[in-house]
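Shown next as structure tokens: one chain only, the form predicted on its own.
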Amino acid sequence: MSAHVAVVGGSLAGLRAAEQLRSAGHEGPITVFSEEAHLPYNRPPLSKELLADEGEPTADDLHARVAFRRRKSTEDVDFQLGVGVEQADLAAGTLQTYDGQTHEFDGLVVATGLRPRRLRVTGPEEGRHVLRTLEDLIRLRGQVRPGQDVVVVGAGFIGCETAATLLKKGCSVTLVEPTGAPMNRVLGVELADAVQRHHEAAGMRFVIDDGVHGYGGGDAVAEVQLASGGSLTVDLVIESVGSVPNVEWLEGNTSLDLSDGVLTDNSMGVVGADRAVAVGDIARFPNPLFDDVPRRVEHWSIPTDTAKRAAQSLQAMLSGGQAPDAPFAPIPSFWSDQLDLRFQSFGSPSLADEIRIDEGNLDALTDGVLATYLRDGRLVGSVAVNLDPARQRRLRDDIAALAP
């Protein structure tokens, strides 16, 4: 009988894994287990276009706008929607779902991704939001009104995108970030400071180097209490303070390293398991573009890149074929739209110990800026702000040249 592959996680990573398994020659059954009630969809528009739009669309309406096209090769893939996996026994090849059912598998794809980190502070729950799923978006859209005071906690890329969208909708927006200027971990201090000045000129407010101690209010949040002792009056709070890998369902398998996502080798095989691979931002793998240190990468491009390599590896494990031996060296990339700025990055800027502003003026970001990131004098990344697409393609080629 053909090997049965279970894909746990029904977002982009799970979809790409199923597609790539078919491309790699797997003809056996594939079952995708997804906690969400929707077929896989594109998440970046949640903090931008879908949040910006007016009206009261249903979840189905919104899903139709961002759903990924179902390829013919995966028409026979069984998507179990609304069926989450509670635990797995990798040695026995079984999964236990929350509905009490046991499912057997021959090969496993770990694609459960991330969930939003929540602040552990006191205060009411009503009026506190995160933005990761369509349901999160619908709850937020149902409460946002022009003229409201909104606090976004966390000035990373998602937090800044959300703040920019709400500012355009007529809200008064304050970002609270305890670690410095917005997106500084990736951009570096100089460019991050310039972005803060740009956003402030558009009306966005920042509370920097301060955190949230708690929330005040009756039935709903009406006040953000800061660690410094100050406070902010609010109608809504959006927490954008990072993510947590969804690995709890694997914790019974003591041979696995789940300290930060799922540790894999360079071919995306799960370390400490047979016939198992991991894909997407839950996978912690070494990338020889940079070094041999395993890292998770939370960029939109990574599910597609890792799924292709993981499918080839798993197919070889199941069929006794030859696994690919060329180094796997995907190019991390991301983009972000905020007000009138378009960021595009290639590589891993956060690894840099030196940052150069090679083009443009930091006081005129809309005219175009290029920042180059180096470690020990070697290129590791770039960030382009409002540069033309042809220039961006050349930046990608520069990073690709690092491949072994």
Partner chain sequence: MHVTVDMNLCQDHGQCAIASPAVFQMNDDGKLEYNGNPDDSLRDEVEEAADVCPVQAILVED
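In this text, all values refer to a predicted model and were calculated from it rather than measured experimentally. Positions refer to the first chain, counted from 1.
Missing here is the form predicted in complex with the partner chain; even so, the following discussion is about that form.
* Non-hydrogen atom within 4.5 angstroms of the partner chain in the predicted complex for each of Arg16, Glu49 and Arg342 -> Yes.
* Spot the stretch among 361 to 369, 348 to 356, 25 to 33, 65 to 73 with residues whose non-hydrogen atoms come within 4.5 Å of the partner chain in the predicted complex. => Heavy atoms within 4.5 Å of the partner chain in the predicted complex occur in 65 to 73.
* Asked: Taking heavy atoms only, is Gln20 within 4.5 angstroms of the partner chain in the predicted complex?
  -> The answer is yes: Gln20 has a heavy atom within 4.5 Å of the partner chain.
* Spell out, yes or no, whether the shortest heavy atom distance between Tyr98 and the partner chain in the predicted complex is within 4.5 Å. => Residue-level check for Tyr98: no, no contact with the partner chain.
* Does Asp337 reach the partner chain in the predicted complex if we count a contact as any heavy atom within 4.5 Å? -> Although the partner chain is absent here, Asp337 would touch it in the predicted complex, with heavy atoms inside 4.5 Å.
* **the partner chain contact at Lys308 in the predicted complex, heavy atom, 4.5 Å** => Yes, contact at 4.5 Å.
* Asked: Ok, Ser333, Ser243, Thr165, Gln315: which has a heavy atom sitting within 4.5 Å of the partner chain in the predicted complex?
  -> The option sitting close enough to the partner is Ser333.
* Which of these residues, Thr233, Gln143, Thr304, Ser172, gets a heavy atom within 4.5 Å of the partner chain in the predicted complex? -> When the partner chain is considered in the predicted complex, the option within 4.5 Å is Thr304.
* **Contacts with the partner chain in the predicted complex, stretch 368 to 404 (heavy atom within 4.5 Å)** => The stretch touches the partner through Asp388, Pro389, Ala390, Gln392, Arg393, Arg396.
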